[in-house]
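In the form predicted on its own, a lone chain appears below as structure tokens.
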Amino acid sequence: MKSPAAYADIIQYRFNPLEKSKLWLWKLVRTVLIAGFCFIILFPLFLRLSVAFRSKVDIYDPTVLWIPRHFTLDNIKIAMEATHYFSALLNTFLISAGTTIIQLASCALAAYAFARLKFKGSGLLFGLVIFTIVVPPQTIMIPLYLTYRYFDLFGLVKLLSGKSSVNLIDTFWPFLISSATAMGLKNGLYIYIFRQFFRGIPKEIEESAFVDGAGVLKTFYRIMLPNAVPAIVTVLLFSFVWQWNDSYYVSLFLSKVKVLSTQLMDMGSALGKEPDLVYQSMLLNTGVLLLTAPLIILYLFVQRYFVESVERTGIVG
């Protein structure tokens, strides 16, 4: 039960005009800020949706702002033909899904070792892992390319096939091998997310599993992974989206295989014969919309799990 003084304070607060004015002012400021941020974030998407269905006549019509006067699907058809959309979409999905699953396994194993297995130099190694987050990938571009152009694993290729090396360029192998060795795109960040989450799980759970006779690996996939679902969802979505939008590694390893990010860069040359630069810009915006459309659909289905996972893993900034 609350004391009479507490009820008096509540009544005074509710009926105090100054306090009510402060409350409504804060609600107004918060609403304006949220609406402003939403407009800044969603404006490029709304703009591309608007121009994707405009006809060429609507470009120079000053009365057309958001809703097209002459609705057409020609822009989408031209953009799909210029980017070879469906074949590039399939390749992009295969690379993104494959690397995501492999990165999930390799980064979780590495993070579990850093979080729970104590060995000499673990702190130094983890510091080097964090250092990979800030190192620009351009600094290792040449050795990385040469590694997969003349790939040989401890001389096994020459021993088994008689060749000095094997060329893995223009295949999916560079992405899969890099992900399996936890050296793929943003893997340092994923290891950090998993490590911080594993450190938050009580050690008593592991100790009880050890008492029951479970080993390190069995404890990992029977105890740690089921409790790390928020971290798994976070890494899963981050990895898939970043690989989907990546243009650096795909342009480095793939020159013949079509993916959406590189096809979008080549779309400008494919539309070079179009004399109208404004219309060409509208077609490029349509291509950007086609690139991001699968991610938008994915986010509509998983946004609740994504927000919850980010909140529970403690990612800020």
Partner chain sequence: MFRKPLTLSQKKQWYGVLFVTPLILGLVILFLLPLIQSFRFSLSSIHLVEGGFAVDYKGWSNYSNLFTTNPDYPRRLTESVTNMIVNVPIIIIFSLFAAVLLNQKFRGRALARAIFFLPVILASAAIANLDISSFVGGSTMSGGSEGNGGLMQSFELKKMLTESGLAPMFVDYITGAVDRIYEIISSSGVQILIFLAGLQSVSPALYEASRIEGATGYEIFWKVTFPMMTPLILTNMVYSIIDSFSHNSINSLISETAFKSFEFGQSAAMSWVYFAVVTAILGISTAIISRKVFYYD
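Residue numbers count along the first chain shown, from 1. The structure displayed is predicted, hence computed values, not measured ones.
Omitted here: the form predicted together with the partner chain. The next part is about that form.
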Item to complete: Among 194-202, 175-183, 225-233, 88-96, mark the stretch whose residues have heavy atoms within 4.5 Å of the partner chain in the model of the complex.
Response: 175-183
Practice prompt. May I ask you to choose, among 166, 141, 101, 76, the residue with a heavy atom within 4.5 Å of the partner chain in the model of the complex?
Written response: 141
Worksheet entry | Non-hydrogen atom contact residue 25 with the partner chain in the model of the complex at 4.5 angstroms | no
Worksheet item: Is there a non-hydrogen atom of residue 258 within 4.5 angstroms of a non-hydrogen atom of the partner chain in the model of the complex?
Response: no
Worksheet item: Can residue 71 be called a contact residue for the partner chain in the model of the complex at 4.5 Å between heavy atoms?
Response: no
Discussion item. Residue-level contact is defined here as any heavy atom of the residue lying within 4.5 Å of the partner chain in the model of the complex; does residue 288 satisfy this criterion?
Written reply: yes
Worksheet item: Across 225-248, which residues bring a heavy atom to within 4.5 Å of the partner chain in the model of the complex?
Response: 238, 241, 242, 245, 247, 248
